[in-house]
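Next up: a single chain in structure tokens, the form predicted on its own.
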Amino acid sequence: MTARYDAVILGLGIHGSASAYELARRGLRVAGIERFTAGHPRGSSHGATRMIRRAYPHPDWNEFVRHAYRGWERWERQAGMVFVHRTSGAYAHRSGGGLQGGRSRPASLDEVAEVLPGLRLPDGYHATLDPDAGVVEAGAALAWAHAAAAEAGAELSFGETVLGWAGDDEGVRVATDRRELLADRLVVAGGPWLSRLLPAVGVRAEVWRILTYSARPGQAAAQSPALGAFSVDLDEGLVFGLPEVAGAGAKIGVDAGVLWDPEIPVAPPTPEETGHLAGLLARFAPGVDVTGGEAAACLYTMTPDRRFLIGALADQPGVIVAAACSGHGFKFAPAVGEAVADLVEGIDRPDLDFLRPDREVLR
């Protein structure tokens, strides 16, 4: 017999897992399906740390960012754990535009040096300081979301492959390599596999191979208050960095990369790529010893405007998308889960209109 659910979620990275948890805690019957193992390195949700910040390029984001910070505080209370470490942050750019939101403000390079003495930004750049920026313990948060969703009653299945889905008069049917499921609502949170799970929407999303480098932990120069979250706009892309937190060394990466087929395991960094990233960390955090660090590769699913895809499909309202988070989505996990739960329950969320999957730039 086909099992029936209020919602079936495709993909159990951080946003699919957050959605499963938020739906289950509201008493809905939920199934989550993941092709790989829990916390696998084939997508965008693995790894120890991620950046969180209130400073964003457009006021459209401000309310959603507020939801994210409040959501992490709620998760921390429910988990009895600390997920977010506020370290302050600085963002350097060549133009005068900058970022806004929360308590962030424009600052001179001298002001940045006073707040974050271990950070060196390029001469002539403009800067934004964000006192609420910091680091999310990503690996711990993902593991907790899996456990909390299951404890709340969600049925999570790993190592199960989705073969296809289709809507009918009874709901949305999902076929996997193990079974068939029937749901009132289908949530697609497949990250890099969006174009395969939902071709009409995913066609405008690109999958990039992204590299990061983490220094050896245990260095005072890599920790707050010497170093905080940061980004620097360079010709090669946006360089982003994190201080050392909870045993995870200071990290740096570049928000640009080559196109990648997610069906192929992402290629590990080459020695040349590793050396380049280590050099960037030494340049912007000169007090950090970058010898003996470790590089890693992951995937970003990027939209043309770098905004997420969150919302029901106009022609298939039973299908809700929560994907293509363009390299800056982890920080929104509790807010994305809450938004998906609202949409599944038919609660209007006009504050998310700027993330609609049918917006003009994606047509």
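Owing to the predicted nature of the structure, the values given are computational and were not obtained by experimental measurement. Don't overthink the numbering: it's just position in the shown sequence, from 1.
One more form of this protein should be noted, the form predicted in complex with a small molecule, which is absent from this view; the next part is about it.
Asker: Out of I33, A55, V30, I320, which one falls within 4.5 Å of the small molecule in the predicted bound form, going by heavy atoms?
Answerer: Among I33, A55, V30, I320, a heavy atom within 4.5 Å of the small molecule in the predicted bound form occurs only for I33.
Asker: How about R307: is it within 4.5 Å of the small molecule in the predicted bound form, going by heavy atoms?
Answerer: No, R307 stays farther than 4.5 Å from the small molecule in the predicted bound form.
Asker: Taking the shortest heavy atom distance, is T161 within 4.5 Å of the small molecule in the predicted bound form?
Answerer: Because a heavy atom of T161 falls inside 4.5 Å of the small molecule in the predicted bound form, the answer is yes.
Asker: With the cut-off set at 4.5 Å between non-hydrogen atoms, does A20 touch the small molecule in the predicted bound form?
Answerer: Result no; A20 lies far from the small molecule in the predicted bound form.
Asker: Does H328 reach the small molecule in the predicted bound form if we count a contact as any heavy atom within 4.5 Å?
Answerer: Answer yes; at least one heavy atom of H328 falls within 4.5 Å of the small molecule in the predicted bound form.
Asker: 58-66, 22-30, 39-47, 312-320: which one contacts the small molecule in the predicted bound form at 4.5 Å, heavy atom to heavy atom?
Answerer: Partner-contacting stretch among the options: 39-47.
Asker: Counting heavy atoms only and using a 4.5 Å cut-off, do G190, W193 and C298 all touch the small molecule in the predicted bound form?
Answerer: Judged in the predicted bound form, G190, W193 and C298 all sit within 4.5 Å of the small molecule.
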